[in-house]
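Given next, in structure tokens, is a single chain: the form predicted alone.
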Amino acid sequence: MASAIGVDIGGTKVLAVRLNAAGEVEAWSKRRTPVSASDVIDAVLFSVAQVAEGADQAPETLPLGVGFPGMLDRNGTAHFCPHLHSVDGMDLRRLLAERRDPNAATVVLNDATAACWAEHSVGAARGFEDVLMVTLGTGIGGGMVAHGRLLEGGHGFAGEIGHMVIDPHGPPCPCGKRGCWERFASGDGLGRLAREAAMAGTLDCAVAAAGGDPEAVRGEHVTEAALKGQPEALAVMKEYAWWLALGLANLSNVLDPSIIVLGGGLIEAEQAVMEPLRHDFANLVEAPEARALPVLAAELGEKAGAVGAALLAAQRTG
């Protein structure tokens, strides 16, 4: 493959990588995500220039893939980004391409879709042809590979799994609906479950870590306490794992993947989540064969989206 650059635009960070011809990360950089839309474009191009230093090509001539945290159509226009609203409605691919060499590939796609391709190609799902990737962060993202091919959908919107409604009377979601899966099984969802337990007086360890204020309890507080073996925190993580398992079982019933890969910051708490998750998933999924489905932590960490975007840009070059 050709050397390529991938950039992952997140709600809080812009992370870029440069891959060599063997698909290995040669350079990477990370910076905070700007607020304004024009600054986001500038941050992407600045990051490209940073990681291109030392390459044998000018940055504007290298294949570029960009992962974006929201809904993008097949032309690269952003339609909805609940955690970066400033870019809603922007033609991201055109705005980037017009500042680059016209002969260089510029690919824009959903960040979780890009991460899925990375894990399928060089990560935890190597060797599997049917992959479901779920990214657990502020919200929930998803990507799918079917028969070895990336599934992007008829309009480019495939993978918006965080907005499956699993409780129509549940808490409000930034998308405008109520009871979306990510309100229960994302990082924000874990924080909400933890605050409910704290307000009920059953999570003193996390309240202490949050400075004594139950309303200040966040997901990281309960995660840290669970990793220390605190029973009350483990109980919250068990509830969280059930909600996560419910969504995974629903998706498995529809998609029948060969493997599920979980990415995002919450997987740092793997030892507190995975055992109850696998137990509940086996009880909730329909097909008997799916009860032994591998459910694994992602291997590529925070670089997965950028790596996947770079791989796809290189693949679509020439």
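Residue positions are given as counts along the sequence shown, with the first one as 1. Computed from a predicted structure; not experimentally measured.
Another form, the form predicted together with a further copy of the same chain, is not on view; read the next lines as being about it.
Shown alone here, residue 191 lies farther than 4.5 Å from a further copy of the same chain in the model of the complex, counting heavy atoms only. With a 4.5 Å cutoff on heavy atoms, residue 100 does not count as touching a further copy of the same chain in the model of the complex; it lies far away.
Not displayed here, a further copy of the same chain is kept clear of residue 228 by more than 4.5 Å at the level of heavy atoms in the model of the complex.
Although the partner is absent here, residue 57 sits far enough away that none of its heavy atoms falls within 4.5 Å of a further copy of the same chain in the model of the complex. Figure note: of the listed segments 115-123, 230-238, 75-83, 210-218, the one touching a further copy of the same chain in the model of the complex, with heavy atoms no more than 4.5 Å away, is 75-83.
Comment: a further copy of the same chain is not present in this chain, but in the model of the complex one of 264, 63, 70, 257 has a heavy atom within 4.5 Å of it, namely 257.
With the partner omitted here, the residue from 275, 286, 39, 26 that has a non-hydrogen atom within 4.5 angstroms of a further copy of the same chain in the model of the complex is 286. Shown here without a further copy of the same chain, the chain has 154, 155, 156, 157, 158, 159, 160, 161, 163, 164, 165, 166, 167, 168, 169 in 154-169 lying with a heavy atom within 4.5 Å of that partner in the model of the complex.
Look at residue 129 and residue 292: in the model of the complex their Cα atoms come 3 Å or more closer than in this form.
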